[in-house]
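Next comes just one chain, in structure tokens: the form predicted alone.
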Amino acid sequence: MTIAIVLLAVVVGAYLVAVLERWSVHGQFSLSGPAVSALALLGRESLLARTPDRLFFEAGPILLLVAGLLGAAVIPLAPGLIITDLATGALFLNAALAYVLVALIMAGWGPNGAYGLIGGWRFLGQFIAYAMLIVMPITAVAMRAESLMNTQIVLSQTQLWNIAYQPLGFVLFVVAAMGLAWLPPLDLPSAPGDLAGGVEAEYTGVRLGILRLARMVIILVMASATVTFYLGGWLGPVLPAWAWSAIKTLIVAALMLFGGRYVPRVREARYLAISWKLGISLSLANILLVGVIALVVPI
């Protein structure tokens, strides 16, 4: 029963994220827009590249969707409403989302086309940049909770949310989340202005539909993870626990979708340099600061 409820929440949440993305791109709020677009994709012929690597071409979008669903499995939506509450849930989330890189490289390599291949390898550069910016803020969050269980991380924020306790970690994690979901200004794998769609360029019909659904799930999971780690998860007054999780997740998703569109796109080399020279330094400073605060003023 729990699995069915969580999967339903993922489907509804992904659809609402698609509504928000359409609104951020086109400036039009339409609840029916993503459904119309999905039906249009399903009605189109799924074309196949002339000389593809068929295994990678078919498996890339599916693996991307599986990676997103694995991440959703360890996110608590409410007390008891989680598919599996692993003792290492926070690290499992990071491990599951590592397959996003594998999926995008497969999706870029499979069609045997220049634009897709460049998009996939661009994402490899992004992965090297954002990987540490996800793990290190999670380390600081786990230090305060004294646990890697996502439910315990939420409960550790009963008195004070982590966004107030470690705001620097929050900022770093959100930037890394945007890189993982390749959202503007870190949308280098698709880069409509210069790659004509990049990893999506050679996909049509149902295959493209699966690829885009997987991306919505990835955005939803990263927004949910941000809520779990920094915004108190399901904690909140009056409303049911699941409602607070949903409201916070949609707010974070909207922040990620709208905020980046006002920033110029960053080249992968520049993003990598900033992440390793500045981002890792700030992440280490955040871990040190959290450790000192935990010793001096336990909260």
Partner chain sequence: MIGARQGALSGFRRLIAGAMARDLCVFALPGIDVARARGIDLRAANLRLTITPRHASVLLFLGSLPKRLEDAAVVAYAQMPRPRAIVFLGAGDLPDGLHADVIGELSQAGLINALDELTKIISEGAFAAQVQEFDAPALQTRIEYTCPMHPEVVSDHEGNCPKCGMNLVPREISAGTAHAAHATPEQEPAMPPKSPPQATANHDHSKHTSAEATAKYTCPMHPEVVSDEPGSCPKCGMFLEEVKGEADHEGHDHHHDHSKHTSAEAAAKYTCPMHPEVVSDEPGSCPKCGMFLEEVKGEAEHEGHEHHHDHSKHASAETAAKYTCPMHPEVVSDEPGSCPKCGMFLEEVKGEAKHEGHDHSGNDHSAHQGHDAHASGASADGIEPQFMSMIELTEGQPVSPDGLIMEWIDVPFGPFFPGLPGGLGLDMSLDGDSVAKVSAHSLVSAGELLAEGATPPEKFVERLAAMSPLSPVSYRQLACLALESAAKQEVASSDATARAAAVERERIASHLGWLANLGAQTGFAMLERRATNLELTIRDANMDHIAALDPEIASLLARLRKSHMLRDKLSGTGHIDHCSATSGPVARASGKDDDARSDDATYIGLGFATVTGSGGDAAARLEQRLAEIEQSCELIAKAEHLSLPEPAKIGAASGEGEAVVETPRGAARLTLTLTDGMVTAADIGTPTAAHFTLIEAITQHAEIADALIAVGSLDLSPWEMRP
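Residue numbers count along the first chain shown, from 1. Just so it is clear, the structure is predicted and the values come from calculations on it, not from any experiment.
One more form of this protein exists, namely the form predicted together with its partner chain; it is left out here, but the text below deals with it.
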The one option of Tyr115, Phe170, Tyr165, Phe127 with any heavy atom within 4.5 Å of its partner chain in the predicted complex is Tyr115
In contact with its partner chain in the predicted complex (heavy atoms, 4.5 Å), from 172-180, 219-227, 197-205, 97-105, is stretch 197-205
Would Val263 count as touching its partner chain in the predicted complex under a 4.5 Å heavy atom rule?
-> yes
- Is Pro79 one of the residues lying within 4.5 Å of its partner chain in the predicted complex, judged by heavy atom distances? no
Subject >> Exercise: Pro237 in contact with its partner chain in the predicted complex, heavy atom 4.5 Å >> reply: no
Exercise for the section: Using a 4.5 Å heavy atom cut-off, state whether Arg267 contacts its partner chain in the predicted complex. Expected result: yes
Contact check, 29-65 vs its partner chain in the predicted complex, heavy atom within 4.5 Å, ordered by sequence, gives Ser32, Val36, Ser37, Leu39, Ala40, Leu42, Gly43, Arg44, Glu45, Leu47, Arg50
